[in-house]
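In structure tokens, the next block holds one chain alone, the form predicted alone.
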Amino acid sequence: MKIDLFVTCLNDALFPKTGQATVALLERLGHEVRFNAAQTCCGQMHLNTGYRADALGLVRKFVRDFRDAEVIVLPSGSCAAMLRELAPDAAHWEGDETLRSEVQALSGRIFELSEFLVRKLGVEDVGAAYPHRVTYHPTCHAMRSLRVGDAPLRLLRHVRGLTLLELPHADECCGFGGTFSVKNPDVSTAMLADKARHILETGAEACTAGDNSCLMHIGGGLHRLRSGARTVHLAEILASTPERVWA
């Protein structure tokens, strides 16, 4: 299968290893991965902050860049939800029914990484090895908008050497929420404190998730606590093998 990678602007700027791990994983499974170097941003930050016109400009660019893609995979539930769920509505609110139709036509080809592996490819064992104690945080967009369900957990249960530890109150938000953490820092920090405490209660060496935005927030909290626990993107665990550890 020919897969177009939409790496997301956050990963491209701050976490390039996640994009590289995603490519390594998909190629190991026998697929051709293409990267359109013209790609930029899905527009979620702009839309959430009230800059709808700017957000839709980026959505139009996404449509132009990926119009002919067979399938588009994102190592981010947040950005996948923006493009699949929010972008069509935003176009409708602005009265751009042409854009709405174009995004909807693409939406069936847009997948978050874990749902693509489990639901589209029917794969749960990707041949990964990661001998560490790990807990999984289900991010809000992946859980509530995309409804990826237990797809990430199915993948993690098949990783050789990995001990999967259940996260208490896993369905609670970490407090990041993009610009929410900037606009409501006190509430965000309180939510982060709860999440960090629950992670440490598991005794995990690492907390994983499908969104580096949430992991960046959680990782900062764990670091400030000098906890020794770290964060690692799901793609980096799934790409890891005895020969090459990505995380």
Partner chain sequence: MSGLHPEQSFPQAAKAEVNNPQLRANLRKVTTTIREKRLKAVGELPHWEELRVLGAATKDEALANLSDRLLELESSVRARGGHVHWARDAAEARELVAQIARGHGVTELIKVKSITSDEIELNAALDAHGIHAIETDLAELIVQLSRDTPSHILVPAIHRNRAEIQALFNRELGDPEHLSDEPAVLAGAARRYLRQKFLTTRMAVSGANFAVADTGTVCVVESEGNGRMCLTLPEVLVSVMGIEKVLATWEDVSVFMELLPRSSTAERMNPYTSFWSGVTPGDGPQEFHLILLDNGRTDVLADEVGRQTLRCIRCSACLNVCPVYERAGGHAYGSVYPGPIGAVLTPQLLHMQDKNANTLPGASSLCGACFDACPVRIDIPQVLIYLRGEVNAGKGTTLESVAMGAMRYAMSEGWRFEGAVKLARTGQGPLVHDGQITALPGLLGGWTQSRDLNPFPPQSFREWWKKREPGGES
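Small disclaimer: the values here were computed from a predicted structure and weren't measured. Residue numbers count along the first chain shown, from 1.
If you look for the form predicted together with the partner chain, you will not find it shown, but the lines that follow are about it.
- None of Val63, Ala209, Ala69, Leu192 but one reaches within 4.5 angstroms of the partner chain in the predicted complex through a heavy atom, and that residue is Leu192.
- Considering the partner chain in the predicted complex, the lone stretch of 101-109, 114-122, 157-165, 133-141 in range is 133-141 [heavy atom distance within 4.5 Å].
- At a distance of at most 4.5 angstroms from the partner chain in the predicted complex, all three residues Leu14, Val23 and Met45 contribute at least one non-hydrogen atom.
- Among heavy atoms of Ala204, none comes within 4.5 Å of the partner chain in the predicted complex.
- Heavy atoms of Ala229 never reach within 4.5 Å of the partner chain in the predicted complex, leaving it off the interface.
- Using a 4.5 Å cutoff between non-hydrogen atoms, Val182 counts as a contact of the partner chain in the predicted complex.
- Proximity of Leu153 to the partner chain in the predicted complex: non-hydrogen atoms within 4.5 Å are absent; the residue sits far from the partner.
- The partner is not shown here, but in the predicted complex the stretch 84-111 reaches within 4.5 angstroms of the partner chain through a heavy atom at Leu86, Asp89, His92, Trp93.
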